[in-house]
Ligand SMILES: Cc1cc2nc3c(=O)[nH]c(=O)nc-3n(C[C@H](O)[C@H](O)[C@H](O)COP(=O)(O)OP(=O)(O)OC[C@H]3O[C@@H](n4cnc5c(N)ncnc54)[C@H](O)[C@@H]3O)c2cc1C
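Below sits a lone chain in structure tokens, taken as the form predicted on its own.
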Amino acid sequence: MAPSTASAATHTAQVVASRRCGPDAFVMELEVDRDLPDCRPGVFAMLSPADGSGPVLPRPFSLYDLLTPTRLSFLIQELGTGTRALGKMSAGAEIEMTFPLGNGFTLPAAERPVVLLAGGVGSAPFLHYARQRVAAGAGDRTCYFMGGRTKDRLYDHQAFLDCDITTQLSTDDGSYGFHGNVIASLDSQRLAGKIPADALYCACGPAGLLHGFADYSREHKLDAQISLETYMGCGFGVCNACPVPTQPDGPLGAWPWARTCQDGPVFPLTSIVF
């Protein structure tokens, strides 16, 4: 599938609602004045306040949910100037949004099992994924593993519990769900024979989690894809600020570097050095 950049457009979106979902995160719903394309989970938008109150460069955020043909949402963690500026936007405010951008996760045939794995706000690409799987009649073959340091870092987890998929929650401190990190939770289910061997594995989260998941996937020969949380300047392949090295013998090996914004942010592990 061609990159979503091919159908990207810049919109002036209106904030419909913004709700807190943890001590440092919120879900923002935006409305635009034209129908949005149907998108694979994992594509992203570049967002910035339309009034110029944010930084010069917009910030990238994975699509969280496509609510209607003209309404979508984003799960955002407040980490710096850009995300704090967005967090101050209330209903009626305007956001400059370029969307959809990048390549998303593979959506296999409904018969194939899928395992989704997220740490913290790495859950952002997976609500849309879960809903698409349920709509395809594959909810019973979709398992979602979500981990956080503490219960209040399981951002918006009730939205996943309300989906018709299997959801496994874990916390590092044992305050909720499985006591341990999300990879240990996944491993316990695999060892118990509760995950089919032919599943497609998709992961998103902080770098430490993704490196751990990459090592685990290679050790157990899993068919795995990851979404990189790489800093970006433009979001559509011009500034070359988001390179990732490629595997010489992989599908992107004709060039030593791939642009995360255009070739990713989702990559099969076989295509990059990570």
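Predicted model only: the values in this text are computed from it and were never measured. One rule holds for the numbers: they count along the sequence shown, beginning at 1.
Although it is not shown, the form predicted in complex with the ligand is what the next lines describe.
With the ligand left out of view, the stretch that reaches within 4.5 Å of it through heavy atoms in the model of the complex is, among 144 to 152, 173 to 181, 195 to 203, 120 to 128, 120 to 128. Against the ligand in the model of the complex, the set Pro60, Leu79 and Pro265 is in full contact: each member has a heavy atom within 4.5 Å. The partner is absent here, but in the model of the complex a heavy atom of Leu75, alone among Leu186, Leu75, Leu72, Val115, sits within 4.5 Å of the ligand. Of the residues Thr83, Gln132, Thr98, Thr106, just one reaches the ligand in the model of the complex with a heavy atom at 4.5 Å or closer; this is Thr83.
Residue contact check for Asp223: none of its heavy atoms lie within 4.5 Å of the ligand in the model of the complex. By the criterion of a heavy atom within 4.5 Å, Leu30 is excluded from the residues contacting the ligand in the model of the complex. Taking the partner from the other structure, the ligand in the model of the complex has no heavy atom within 4.5 Å of any heavy atom of Gln247. When contacts are judged by a 4.5 Å heavy atom cut-off, Ala50 does not count as touching the ligand in the model of the complex.
Contacts between 210 to 233 and the ligand, taken as any heavy atom within 4.5 Å in the model of the complex, involve Leu228, Glu229, Thr230, Tyr231, Met232.
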